[in-house]
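Coming up is one lone chain in structure tokens, specifically the form predicted on its own.
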Amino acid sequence: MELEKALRERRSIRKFTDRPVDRDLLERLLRTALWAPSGMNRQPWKFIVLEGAAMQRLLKLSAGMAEDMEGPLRAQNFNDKMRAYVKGYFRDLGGARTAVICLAKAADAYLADHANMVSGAAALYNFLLLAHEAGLACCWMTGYALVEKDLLRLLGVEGYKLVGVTPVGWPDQSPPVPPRKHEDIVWMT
């Protein structure tokens, strides 16, 4: 698959089949995603894969936070239908049997902390593109920032910050291409 095509065709999928994701495939994709650029070559990321009982613990945390999302979703002007949809997705993650969590090392200095977060984001996006190329589907979720401390405790991790959570699986939907909202490219000479 050509990179430009992958960039244009990758979608956030919110409905998955019950077909399991091959562990070797997932491992290969994650190891390749680690080739992302990183600020000062820190490579500050950590990927955690949840399946089985660990996935059920995530779903329990996720279902608990669904109702707490009402305020943040209203603040973003989500209508009733969209709020219900988002909260429903948090309850079951679209039926995905696997989730990948990307973390970045926390740093005391602002510049290092920022570099670590954007480096982690680059690694996570690499994974999303690789998963798409392999026929898998993902949905980069940042709402878990609302329960970051609880999530890190559930994972047994300290000294990291949440970059994102993504369910991973075989897609059971093919959403249309959303229009680009704006083009923020400015040339200055």
Ligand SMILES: Cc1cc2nc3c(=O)[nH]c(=O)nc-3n(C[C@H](O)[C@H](O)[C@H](O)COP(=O)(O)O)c2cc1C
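Note that residue numbering begins at 1 and tracks the sequence as displayed. Only a predicted model underlies this, so the values are computations on that prediction, with no experimental measurement involved. Whichever C-alpha set is largest while still superposing within 1.5 Å between the two forms counts as the rigid core.
Quick note: we don't show the form predicted together with this ligand, though the next part is all about it.
In short, of 25-33, 43-51, 141-149, 56-64 it is 141-149 that has heavy atoms within 4.5 Å of this ligand in the predicted complex.
Contact check for Lys15: every heavy atom lies farther than 4.5 Å from this ligand in the predicted complex. This ligand is not drawn, but in the predicted complex it has a heavy atom within 4.5 Å of Phe90. At a distance threshold of 4.5 angstroms between non-hydrogen atoms, Arg19 is out of contact with this ligand in the predicted complex.
Applying a 4.5 Å heavy atom cutoff to this ligand in the predicted complex picks out Pro178, Arg180 from 162-182, in order along the sequence. For Leu73, a C-alpha deviation of 2 angstroms or more is recorded between this form and the one not shown after rigid-core alignment.
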